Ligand SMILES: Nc1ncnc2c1ncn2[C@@H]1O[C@H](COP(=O)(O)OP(=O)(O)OP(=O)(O)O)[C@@H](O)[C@H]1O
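One chain comes next, on its own, written as structure tokens: the form predicted on its own.
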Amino acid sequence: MNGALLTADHVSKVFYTPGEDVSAVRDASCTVPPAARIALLGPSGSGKSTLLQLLGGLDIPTSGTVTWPAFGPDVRPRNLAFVFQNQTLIPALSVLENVELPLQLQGASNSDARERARAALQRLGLRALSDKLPEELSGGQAQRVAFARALVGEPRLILADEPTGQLDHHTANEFFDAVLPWIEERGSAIVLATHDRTVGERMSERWTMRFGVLEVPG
């Protein structure tokens, strides 16, 4: 597809262990176009997290290839953002400082980074948490702050691994009421791994993982 943000071609990932080799992803092929809204559905252990890591270049496939045609030869943090399932906030930094960090790494001035970080937290209803440390947050709050940190750099592609896994359905929907318009305004694409079909229904396209096999609707 012309202008694709990423393309996976017959990608597999095998984890070799002394007792048994585990095929986490089996011969997966897919394309993510600009501005896509994709839910990657499937139960825990189906291979969703492994596939996202392969798509984001965080892991190397055992076979097959992943390319990012729209980004050129390299994928840079300002183009692609990853929201992990587990806590990834830096413990020594406040919420505001965590959200500022990617902007500072991209070369933004301290004042610009702070202003944009505050706006991002305000947009997601997190401004009151600005001065808190990660240890003072609930699991759901930490996930939302991590999403703000990913979005603040205005990436073209967001890969999110169970970002609402610690939120109830009502709170998760409120969160996406704020997140999705922001993503749409910027024309970003998102691939969101979730086992929650209510969350999946918020996306315009749904892929499914079963036992490491990716099913993409034709």
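Fair warning: this is a prediction, and the values are worked out from it, not measured in the lab. So that there is no doubt, residue numbering starts at 1 and follows the sequence shown.
From this point on, the text means the form predicted together with the named molecule, which you will not see here.
Novice: State yes or no: in the predicted complex, is some non-hydrogen atom of Asn79 no more than 4.5 angstroms from a non-hydrogen atom of the named molecule?
Specialist: Taking the distances in the predicted complex, the answer for Asn79 is no, it never comes within 4.5 Å of the named molecule.
Novice: With a cut-off of 4.5 Å between heavy atoms, is Gln85 one of the residues that contacts the named molecule in the predicted complex?
Specialist: Heavy-atom contact with the named molecule at 4.5 Å: present for Gln85.
Novice: Ser204 versus the named molecule, in the predicted complex: is there a non-hydrogen atom within 4.5 Å?
Specialist: Looking in the predicted complex, residue contacts with the named molecule do not include Ser204, since no heavy atom lies within 4.5 Å.
Novice: Evaluate Glu162 for contact with the named molecule in the predicted complex, applying a 4.5 angstroms cut-off between non-hydrogen atoms, and reply yes or no.
Specialist: Residue-level check for Glu162: yes, a contact with the named molecule.
Novice: Among 40 to 48, 152 to 160, 61 to 69, 171 to 179, which stretch sits within 4.5 Å of the named molecule in the predicted complex, heavy atoms only?
Specialist: Flagged stretch: 40 to 48.
Novice: Who in 181 to 207 is close to the named molecule in the predicted complex, meaning a heavy atom within 4.5 Å?
Specialist: Heavy-atom contacts within 4.5 Å come from His195 alone.
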